[in-house]
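The chain that follows stands alone, in the form predicted alone, written as structure tokens.
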Amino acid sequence: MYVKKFEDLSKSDIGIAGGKGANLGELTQAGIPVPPGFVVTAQAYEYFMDEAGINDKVMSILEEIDINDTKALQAAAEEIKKIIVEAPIPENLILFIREFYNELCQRVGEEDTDVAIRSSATAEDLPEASFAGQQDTFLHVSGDEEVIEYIRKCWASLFEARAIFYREENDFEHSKVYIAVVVQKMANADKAGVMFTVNPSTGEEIALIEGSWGLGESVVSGDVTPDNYQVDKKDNEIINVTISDKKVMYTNDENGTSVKVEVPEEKRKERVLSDEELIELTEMGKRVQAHYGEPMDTEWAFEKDMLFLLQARPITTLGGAEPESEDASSDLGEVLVRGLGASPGMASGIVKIILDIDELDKIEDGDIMVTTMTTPDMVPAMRRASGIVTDEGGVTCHASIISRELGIPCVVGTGDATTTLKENSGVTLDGKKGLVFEGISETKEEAVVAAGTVEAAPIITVTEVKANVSMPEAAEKAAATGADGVGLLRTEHLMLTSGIHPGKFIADGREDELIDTIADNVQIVADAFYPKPVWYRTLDAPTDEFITLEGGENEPREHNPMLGWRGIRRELDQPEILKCEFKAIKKLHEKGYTNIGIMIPLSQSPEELKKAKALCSEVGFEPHKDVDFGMMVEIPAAAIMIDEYIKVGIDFVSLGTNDLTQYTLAVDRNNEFVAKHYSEEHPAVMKLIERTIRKCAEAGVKCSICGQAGSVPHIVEKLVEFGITSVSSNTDAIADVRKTIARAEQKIILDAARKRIE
């Protein structure tokens, strides 16, 4: 439990291995080439803190911190790190780590092999937050004594000032965030970088690849402006190649230590990746995205012509800003500097040039931060800025990722912004085109004010656009998009916050605690959207996802959990858990949150719907009278028998097209070997979707869609034509989906008008 090989981990093991470790395990199990390694688990960290007797002391220091007092925050962070670094590690834990490190050395055939020691916090690399650069990574660590020393340093980095600040700002409880540590064979890269499997600013199906010489640290940190490549994933056509002047690189010295050196003059402007390597990377990206079922942010390396993936995580920042009109910046005046558009949007403000971290106090609300490259320690100041401009970096560097996550415009890789732009001058930046203009401007298209805010006219559609929400922490961001409600509030993550299997609550006689856990988390979402509707989906947990929770050891081992004991079929076998969910929503209704509806997942027969409604009635909560009651349509049987479900009584349905597609086509969406056969646009899938929508429309039943198909523009146009009531998409896609719907509705109106004229 304290140490696990990558081969024994999967993406569901975030609670054990953190985001980074869980994804490395998932990639390994999927057959993706990953340098081998192991994870010192979050439970090992917890064991260390408890055995050393320092946990309460650390938490008491955190309770006293004012995160806006920079000096006090830094002092508290140093005090906590000193406590951790000086505390003894239990001897049995040291033995475990040595044993796994020595086994890794034997596996790769090297004595005291070089490894990377990488932090992997349990709240890291989540879909809602990247935690970019918050904890430490150490490269070229060799020998078991050094490995143990740097694991301890990784533990301590959980309490870097920047990490404490980030958790506080994003409402992550310190006591609930643990840290695992990845120990991975070093890839001695000749060239390395980052690949987004879609464009992170627009969501287009284009592989966006950045690369430079040596180790990938230069790209991720922003020390270098890397080559930038774009590949159309449909046909692997290379549509853009931008060669940069790559001044520095990270490589190994004679002692095997990673050092920053100047790139030889003849290689500075040489292209890093060949066409063949770009296509190989793109194919790898498509394979990873198909495996995860969502766009991914990956780190890659070529070592002696061998491609390795070093990391994968969901993209956290897709399409966060409204794209400006084509000529929005055409009348803004003289262009002062040019770079890469890293985070879209327009912003104006006063230039503040930051050449040292001690100058961050200069940044006031609405200023434009201009710096060589941002670091994680700059995040508090970045939050105050209305825009970011950097000399170095590409669209996958720290400045780019954090700016997109914060939703502020950013231009990177200008080369000379810190010397060209003048302190305290007014500028306007276009974060889509990568341009910085002289002066604070106001155009016909938009008012760009000193505070850097742009108010776009709202797009009104008859078809509602709702948000999919997985975690309470994401509710505020989702509501800020102007979404018309929540079309899918997943239960699973709400229960995972406790770390305890819901069945254990019941077995221990702690039903009230389970009810409160659900109610408290759902209330956060209902609050953010009130009075707009929030559709709560009851528990749909495949057995492999809950097996790691406390009390989950009794979960059955199923050959294919996706086809197994999950959804309403499981909940009817465990009615006490389902009743607790109904009681939680009832409790919220009684507090005035009447905007919450209930829907059951994965139903294959109307009898299941009847039984679920009967259980709801048993707790004194009458479906249709006290609460809107609906269902997911994820199984072909449900779509074919939708007439029968309507007779039993439903207020709404939501099409879960991810499951509906895999069950219709007999394609496991988590299996990369058959991923190429998975398509929501298959005629059989589209016929089931159309049938469901039209039958619901005839009966006056609201019909939505919450699967991936709801974010594909040409499919959305079809859904509107079929008469769908609402489309529920991921937060990052809401703006684009609303525009697509508006165009589709206008097309229907125009077509009808033309027919009348004819």
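Counting begins at 1, following the sequence as shown. Keep in mind it's a predicted model, so treat the numbers as computed, not measured.
Not pictured, yet referred to below: the form predicted in complex with ligand PEP.
Remark: Cys706 counts among the residues lining ligand PEP in the predicted bound form, judged by a heavy atom distance of 4.5 Å or less.
In the predicted bound form, no heavy atom of Lys466 sits within 4.5 Å of ligand PEP. For Arg490, a non-hydrogen atom is located within 4.5 Å of ligand PEP in the predicted bound form, even though that partner is not displayed. Interface membership of Val427, defined by any non-hydrogen atom within 4.5 Å of ligand PEP in the predicted bound form, is ruled out. Of the listed positions (Gly211, Gly656, Gly431, Gly413), a single one reaches within 4.5 angstroms of ligand PEP by any non-hydrogen atom in the predicted bound form, namely Gly656. Only one of the listed residues (Ile354, Ile401, Ala584, Ala290) places a non-hydrogen atom within 4.5 angstroms of ligand PEP in the predicted bound form, and that residue is Ile401.
Residues within 4.5 angstroms of ligand PEP in the predicted bound form, judged by any non-hydrogen atom, belong to 656-664 and to none of the other stretches in 372-380, 571-579, 138-146, 656-664.
No residues of 506-520 lie near ligand PEP in the predicted bound form, the criterion being any heavy atom within 4.5 Å.
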